[in-house]
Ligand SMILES: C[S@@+](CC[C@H](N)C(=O)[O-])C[C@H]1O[C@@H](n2cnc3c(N)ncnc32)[C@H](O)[C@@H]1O
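Quick setup: one chain, the form predicted on its own, written in structure tokens, and binding and motion questions come after.
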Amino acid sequence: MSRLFAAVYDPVLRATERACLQAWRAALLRPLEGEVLEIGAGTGANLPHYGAGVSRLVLSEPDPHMRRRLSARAAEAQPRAELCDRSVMELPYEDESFDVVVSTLVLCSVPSLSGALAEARRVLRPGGQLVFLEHVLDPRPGRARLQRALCPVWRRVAGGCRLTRRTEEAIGDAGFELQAITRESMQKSVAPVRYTIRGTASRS
């Protein structure tokens, strides 16, 4: 299933990338500076959007099939990027190692949302930023009911993706201070993953 999921991931998202995700990624990532860790880097959709201000880029991706595609894309777009085969649940970096942690469409699939955010906070320097783009539980009751009904099956076929995560609240509970947040539906995407949040939060 992991091999198949990696193979279809980019084609499934292609229309959504063109409709909105590419612009969202660019707006979030282009201004970043310093040492950056991207967790769950997947196939590398973020790579073209990092700017010259990034002095070090570490890409963490535990899935071997995703990482193979990530490595090929990084060789073209970000040849100095460092690849890491560990998940966000077990990052091999010392406390306060990075200026920015980037999370895009990954916190839905981590085993423990609170654990992942705690690790992200641990490796961030004081004042460092968590930059996020995530699909979450839809605030509309009808859509939320659909997400809850589909979640058990969806999780099995979509790489462990949970449709009902309350990621905005979890970011605050993990000790981050929200600086900016946009709540918006992804265009050209299927209903269960359409509602998203994106923005930045700081580590105190």
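What you see is a predicted model; the values in this text were computed from it and never measured. From 1 onward, residues are counted along the sequence shown.
Same protein, other form: the form predicted in complex with the ligand, not shown, and the subject of what follows.
- Remark: residue 118 does not count among the residues lining the ligand in the model of the complex, judged by a heavy atom distance of 4.5 Å or less.
- The shortest heavy atom separation between residue 48 and the ligand in the model of the complex exceeds 4.5 Å.
- Residue contact check for residue 87: one or more of its heavy atoms lie within 4.5 Å of the ligand in the model of the complex.
- Taking the partner from elsewhere, residue 195 is found to have every heavy atom lying beyond 4.5 Å of the ligand in the model of the complex.
- Here the chain stands by itself, but in the model of the complex one stretch of 36 to 44, 170 to 178, 145 to 153, 51 to 59, 36 to 44, has heavy atoms within 4.5 Å of the ligand.
- Note on contacts: among 123, 105, 81, 130, the single residue with a heavy atom within 4.5 Å of the ligand in the model of the complex is 105.
- With contact defined as any non-hydrogen atom lying within 4.5 angstroms of the ligand in the model of the complex, the contacting residues in 107 to 141 are 109, 110, 111, given in sequence order.
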